[in-house]
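One chain is shown next in structure tokens, namely the form predicted alone.
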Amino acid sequence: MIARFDLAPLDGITKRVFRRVWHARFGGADRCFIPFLSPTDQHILTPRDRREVENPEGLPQVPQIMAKRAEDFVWAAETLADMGYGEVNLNLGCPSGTVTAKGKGSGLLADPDRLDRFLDGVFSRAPVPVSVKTRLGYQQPEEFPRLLEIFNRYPIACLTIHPRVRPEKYRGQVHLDSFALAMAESKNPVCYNGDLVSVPGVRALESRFSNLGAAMIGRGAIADPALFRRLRGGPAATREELRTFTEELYQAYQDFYGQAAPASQRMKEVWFYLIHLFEGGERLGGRMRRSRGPRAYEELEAQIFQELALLDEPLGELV
């Protein structure tokens, strides 16, 4: 049985406002990973990044860092350690073209020798334990054995693996055979990430990898905010619970932005996933994505709760 569940960092969604409201209403994650900050060579923590990593709510959080130079990563790790964090996470998984073109995220996987030098610079100077979130490779899963050999040289706090390569992004079948290699040969603790959207899906993963100790879930926890709770034997979300959650989240976004327009835009991003928990939600979900302005958003959300039946598990592909 998987003992630890982490909330994955989804840039644009699982930011501070969402984490606070979701944790208070549903929670169940052992740790929430903060979407990456990307330090520059000026070594200045921007006000936006500072808002994200400050933690007045006292949530169990791990900040994620994206960098291509070890000295930039170490500076960010030192800054976060001074703020009280006991672990930081290295992002080697982001497949975005604008990120990889700069040699960051999964772009670092394209050159294993450079990655090795980067990790040596990080682990020789990092003031706190460093975990890593990675993909199987830059182009092909066959790259993974070489990468795993490199990862095994360093004391990685936890190696979280999304078993796809960069061009696959979040589509297509995950490569579980390659993940099995990590389970068999990794010298560091391993965490699974990728396409976990339901309780049966997690149970199937546990059945295949009986010694797996941790899993990271992102999209599935947005599509079903009670997923972590259900995995621990708790109840599914009720319609009224979800209505209260979305109302509180919408108000929290309005308080954060000072106006309704950007708040409704953020809520539409949440509903891109949450609509999968409602039977026949494609039509209203599509209308919501095309809608403009707070009033249209509010009317469509009310219509969803009034007209659509709640499902036991999210339906459809969450991409």
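Remember, predicted model here, so these are calculated numbers, not experimental data. Quick note: we count residues from 1 along the sequence shown, nothing fancier.
Just so you know, the form predicted in complex with a small molecule exists too; it's not on screen, but the next bit is about it.
Of the candidates Leu10, Val17, Leu311, Leu308, Leu10 is the one whose heavy atoms come within 4.5 Å of the small molecule in the predicted complex; the others do not. Proximity to the small molecule in the predicted complex, defined as a heavy atom within 4.5 Å, singles out one entry of Leu231, Val165, Ile217, Ile156, which is Ile217. Only one segment in the set 67-75, 189-197, 176-184, 121-129 has residues whose heavy atoms sit within 4.5 Å of the small molecule in the predicted complex; it is 189-197. When contacts are judged by a 4.5 Å heavy atom cut-off, Pro294 does not count as touching the small molecule in the predicted complex.
Interface membership of Asn91, defined by any non-hydrogen atom within 4.5 Å of the small molecule in the predicted complex, is confirmed.
Taking the partner from the other structure, the small molecule in the predicted complex has no heavy atom within 4.5 Å of any heavy atom of Gly27.
The closest heavy atom approach of Tyr170 to the small molecule in the predicted complex falls within 4.5 Å.
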